[in-house]
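Quick heads-up: the structure tokens below are two forms of one chain, split into structure 1 and structure 2.
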Structure 1
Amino acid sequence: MLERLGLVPPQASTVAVQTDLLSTFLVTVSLFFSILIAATIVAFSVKYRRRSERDVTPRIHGSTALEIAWSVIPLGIAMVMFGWGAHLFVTLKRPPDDALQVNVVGKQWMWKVQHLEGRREINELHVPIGRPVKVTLTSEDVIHSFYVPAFRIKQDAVPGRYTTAWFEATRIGSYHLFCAEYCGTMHSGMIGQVIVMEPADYEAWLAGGGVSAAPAAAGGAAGGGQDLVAAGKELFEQKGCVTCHQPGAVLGPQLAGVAGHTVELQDGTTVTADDDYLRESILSPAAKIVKGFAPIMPTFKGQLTEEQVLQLIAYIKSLKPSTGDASADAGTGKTGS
């Protein structure tokens, strides 16, 4: 009803209904107790007001049952809020394993989108209906915030690290994309749209067919290109990474199978080779040195764009151990030396 009246954005994702139900419950409970408390204060002020100078406050004895009731009932309601909210939070933070992967880089003042297949966009994100989409976010400059009201998702894009958000669109159409974090003088102009398409239309668009649910004048830009793995491999060779990290090399650790596995460091600690670790190893290789290797790798900070770092990470994650034993190869793997 609120949506029909234009008071709330459309519910265009699988979590939108759950989010609105929880929000409605919280507002309803808050209004109920606000009205109850206000009405009780007014009623008691009238009923128990002092009528003359001779009025003496009567001796009032406590009620154990009343005290238990006003403690247990609010506790029960609060636990319902906590349990419901925690369940929704976990749902929002755990994208399905088969989710479509999309990289988004925030920059003053635009959203740069890169699909794994190589298609690129600016201030637009094309997605298929009925399929989970995982968005990996980072920023080139300041903190931005990826906010799609119709999907009820909002996630900060933070410089120097990766954050993720996911959604599954349930309606065909075009939906507003905002930056919800003040990021500079043109913050209000950092807007875009998420375009939800039929799967067949999306595949045609992804392949360069140009099928789009939005008009050409919408302000977005799209372009083709290599898929992320191929682009990352090309960079890997251009930057000379292959010299130290190719199979059989002794200057740098092997990278095949390292992604997602545990790496032992020179100081005896261990770390999981996730996207943030791989990024740090490329831009600040001396931060964490792999056991058995010298800190000889140069930094690539300032030499690579955020999109290129994502391409290198995609390539490293695609490498599979030749022995068939990921854990054995991953124990010495790292992009840094």
Structure 2
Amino acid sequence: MLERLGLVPPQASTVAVQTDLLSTFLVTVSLFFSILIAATIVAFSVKYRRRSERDVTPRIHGSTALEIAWSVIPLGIAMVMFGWGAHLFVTLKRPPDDALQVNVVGKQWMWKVQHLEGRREINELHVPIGRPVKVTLTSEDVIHSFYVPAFRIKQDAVPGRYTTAWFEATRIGSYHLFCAEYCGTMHSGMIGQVIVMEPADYEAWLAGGGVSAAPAAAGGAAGGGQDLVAAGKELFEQKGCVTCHQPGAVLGPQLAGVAGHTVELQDGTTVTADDDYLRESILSPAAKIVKGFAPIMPTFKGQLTEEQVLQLIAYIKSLKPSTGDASADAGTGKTGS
């Protein structure tokens, strides 16, 4: 109904309805209090308007009971709002495990999208209806912000790190994708479409080849129609990672099975090998040295685009510990540093 009244954008995700419900609650409570205050002021203003310069007014210093009441009641209501908002926020921050993976890189002034299966697009994001989609975001230059009003989601794309957002589209159609964080001249032109499709159409679209809206310029050499893992593998060989990190090699840590596991570092601390850690290990290998290895890996900073780093990470994540290989022991996951 809110949507038909033109008060809210299309409700095209599972979260959209929940957000609007929360908003309705906030607005209702606020309206109640605003009207109460306004009505009281108007009533007093009329009733106690000055009748004569000689009006005598009583001296009322206050009332502790009233002060407590109008502190504690709003506080109680505020805590309900907090709890509800926090609950929704946790939902927004926890992508379901079975979510589709999409990488989105912001760049002045475009959104570059890489699907795990290999298709790439610019300023368009095709997704199937009814399936959670997890978006991993980063930026090649300044901070951007990935905003889809119809899904009620927004997440900054910050250079130098990964952030994530997720949604589950509930309605076929195409919806605005905005950059919400000011990023320079064409900030308002950094917009695109999220296109929600029937699963079958989506599969057909995915299979339609990788060259879609995105020409080779977007991803450099290792792109084309390959899926991310294959593209990552190609880079892995091309850039020479393979020399030190292939199964059985001793110069660098084994990578199979490391993603998502705990890594022991030279200085005795441990770290979870999440996307940010893998990215850092590729671009600034000296930052965290894996226990038992020398800091000999060269940096790949400036030699890989953000999209290529994401491809390498996809490849590393795809590596499963191979059987019979002692160094890929799951107990001490190791990774490249």
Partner chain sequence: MTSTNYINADYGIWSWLLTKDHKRIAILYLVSITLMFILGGFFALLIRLELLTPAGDLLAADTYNKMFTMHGIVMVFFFLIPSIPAVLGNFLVPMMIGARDLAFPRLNLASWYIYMAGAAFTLYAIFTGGVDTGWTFYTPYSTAAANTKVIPAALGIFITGFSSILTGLNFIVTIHRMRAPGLTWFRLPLFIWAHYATSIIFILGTPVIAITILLVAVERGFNFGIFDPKLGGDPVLFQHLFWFYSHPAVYIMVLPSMGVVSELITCFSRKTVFGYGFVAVSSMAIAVLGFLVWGHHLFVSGQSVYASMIFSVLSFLVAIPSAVKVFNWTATLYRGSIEFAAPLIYALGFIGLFTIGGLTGVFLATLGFDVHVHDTYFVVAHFHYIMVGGAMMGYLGGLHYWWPKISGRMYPEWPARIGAAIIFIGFNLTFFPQFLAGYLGMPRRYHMYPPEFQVLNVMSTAGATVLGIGYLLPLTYLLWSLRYGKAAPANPWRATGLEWQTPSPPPTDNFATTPFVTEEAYDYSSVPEAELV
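Here the rigid core means the biggest group of C-alpha atoms that line up within 1.5 Å when the two forms are laid on top of each other. Sequence positions of structure 1, starting at 1, serve as the residue numbers. Quick caveat, the model's predicted, so the values are computed rather than measured.
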*Which one here is the form predicted on its own?*
1
*Do residue 195 and residue 34 belong to one and the same rigid part between structure 1 and structure 2?*
no
_Rotation angle of the smaller rigid part relative to the larger between structure 1 and structure 2, in degrees_ = 21
*Core-aligned Cα shift of residue 38 between structure 1 and structure 2, given in Å*: 3.3
